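Take a look at this one chain, the form predicted alone, written out in structure tokens.
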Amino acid sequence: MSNTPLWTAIARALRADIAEGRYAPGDKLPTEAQLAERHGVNRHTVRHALSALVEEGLVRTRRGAGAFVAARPTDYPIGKRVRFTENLRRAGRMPGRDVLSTEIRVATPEEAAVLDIAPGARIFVSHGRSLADGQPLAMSESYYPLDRLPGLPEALAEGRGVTHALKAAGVRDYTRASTRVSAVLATATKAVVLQVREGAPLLKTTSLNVDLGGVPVEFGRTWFAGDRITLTLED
């Protein structure tokens, strides 16, 4: 009689299925009920096995959706020229973006200082979610000096990306002036948007983009799902 715990045997079987390609990255695994019936155990035992694979990084779970084979992390370079669409396509991923909300309002004193605009000047704020192959990769908030970028909201609404919108607003090119990276834990709200568990590790970047004259055109914060991204620094 084997002394191997049942959940360990189930985890080993699923690990072998993944290694042998029966389930590819992004594929949904059988449900807890299906796995329990297949192995003749209760769902608690299956849940234990899946939890072990999640800890190993082989499997991820989505609340209400099930368990999936974890996709390989996306390489995302950070340097003077950061372009989301280009970065993902270079990594062999299909980029996508959901606009969560937008607003025009008066800048706070801190926002005005970062964007080098007068106190009380208007800014355009965009909150969005970025996708890689249809999977949530990051959520972001971007702040633009509205009076400096006429027509920007309308250009962004076309859905052709930030680079296109800034060109439409008169910015021929722009570069990253600074990027700060820190590790944080997912709040309940961010967990829902990114489809991760509450408390999951996130990588937060705080950045400033400037035009060719060094004038700020965008200040932003981005929260990346920690297990889906590999940030690399480039000159």
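For clarity, every value in this text was computed on a predicted model and none was experimentally measured. Basically, rigid core = biggest C-alpha set you can superpose within 1.5 Å across the two forms. Numbering starts at 1 and follows the sequence shown.
Beyond the structure shown, there is the form predicted in complex with a further copy of the same chain, which is absent from this document and is the topic of what follows.
Remark: of stretches 164 to 172, 26 to 34, 184 to 192, 44 to 52, the one touching a further copy of the same chain in the predicted complex is 184 to 192 (heavy atom within 4.5 Å).
Residue contact check for I78: one or more of its heavy atoms lie within 4.5 Å of a further copy of the same chain in the predicted complex. Contact check for L6: no non-hydrogen atom falls within 4.5 Å of a further copy of the same chain in the predicted complex.
When a further copy of the same chain is considered in the predicted complex, G199 lines it closely, a heavy atom lying within 4.5 Å. Though the partner is left out of this view, G220 does not reach within 4.5 Å of a further copy of the same chain in the predicted complex, counting heavy atoms only. Interface residues of 126 to 165, taken as those with a heavy atom within 4.5 Å of a further copy of the same chain in the predicted complex (partner not displayed), are absent. Once the cores line up, the CA of A11 ends up 2 angstroms or more apart between the shown form and the other one.
Core-superposed comparison between the shown form and the other one: CA of R63 displaced by 2 Å or more.
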